[in-house]
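Take a look at this single chain, the form predicted on its own, given in structure tokens.
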Amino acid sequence: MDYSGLHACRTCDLLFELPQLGWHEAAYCPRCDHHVMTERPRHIEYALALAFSGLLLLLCSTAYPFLGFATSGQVESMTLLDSATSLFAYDEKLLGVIVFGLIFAGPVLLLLWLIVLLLLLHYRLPVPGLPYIARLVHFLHSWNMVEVFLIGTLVSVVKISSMASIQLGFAFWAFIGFTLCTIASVAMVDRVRMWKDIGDLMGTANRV
């Protein structure tokens, strides 16, 4: 598909002519060298597969033990959701809601709406609210903190390992896979191509 035409850089607002790209070719801003787009074959199908895989891995990460601790003969384990629900026991309800929203509810909504958006683009369905769905996906992605939570967990594991024996449960590895799938599924969707496709679909719907 031809995505050439006048384009504004999202970093420096330079208007320039976007050339027609071949497979796996990338375009960069001539002024600030900001990455504009990369032509990827079957990018919607790959993004859909990653999004569905991310949802499945997230469900697995909530159904199995996340971390286990063994010290002085006592063994305790926790699930992913315990990181949020345990805060309620210490009367930190607001913090618990925020953690639950950032590590579970937000990512689930992000992947679900991303799947809806990708299915509409894949089957070329000009739904009236399509631009709003795309904006919602970008908004949810800006608040996606799963990688921050994962890095914080890894740092905590390293520090606690000197005081107790740490057991990484199946859910821990599933959560790593979920994080990678979430990041890759969003990165696979090129914004320039997406908005060009949405504009074409909505223009066709208006003409009809």
Partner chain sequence: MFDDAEEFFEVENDDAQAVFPPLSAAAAGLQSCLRCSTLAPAGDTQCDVCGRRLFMRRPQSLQLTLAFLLTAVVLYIPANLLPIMDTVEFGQSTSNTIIQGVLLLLHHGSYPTAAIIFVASVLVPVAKIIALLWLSFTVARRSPHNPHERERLYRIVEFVGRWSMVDVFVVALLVALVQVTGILSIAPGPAALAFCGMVVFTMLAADSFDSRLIWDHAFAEGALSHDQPNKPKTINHNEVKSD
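Numbering follows the first chain given and starts at 1. Quantities reported herein were computed from a predicted structural model and do not represent experimental measurements.
Below, we refer to the form predicted together with its partner chain, which is not included among the displayed structures.
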Contact with its partner chain in the predicted complex, heavy atom within 4.5 Å, among Val127, Ile115, Leu136, Leu109 goes to Leu136
| said: in the predicted complex, does Glu45 come within 4.5 Å of its partner chain, counting heavy atoms only? | reply: no
* Quick one: is Leu121 in contact with its partner chain in the predicted complex, heavy atoms, 4.5 Å cut-off? -> no
### Message
Under a 4.5 Å heavy atom criterion, is Phe149 part of the interface with its partner chain in the predicted complex?
### Response
yes
With a cut-off of 4.5 Å between heavy atoms, is Leu55 one of the residues that contacts its partner chain in the predicted complex? no
Original post:
Does the trio Ser86, Leu95 and Met145 actually contact its partner chain in the predicted complex, every residue with a heavy atom within 4.5 Å?
Top reply: yes
Within 176-193, the residues having any heavy atom within 4.5 Å of its partner chain in the predicted complex are Arg191, Val192
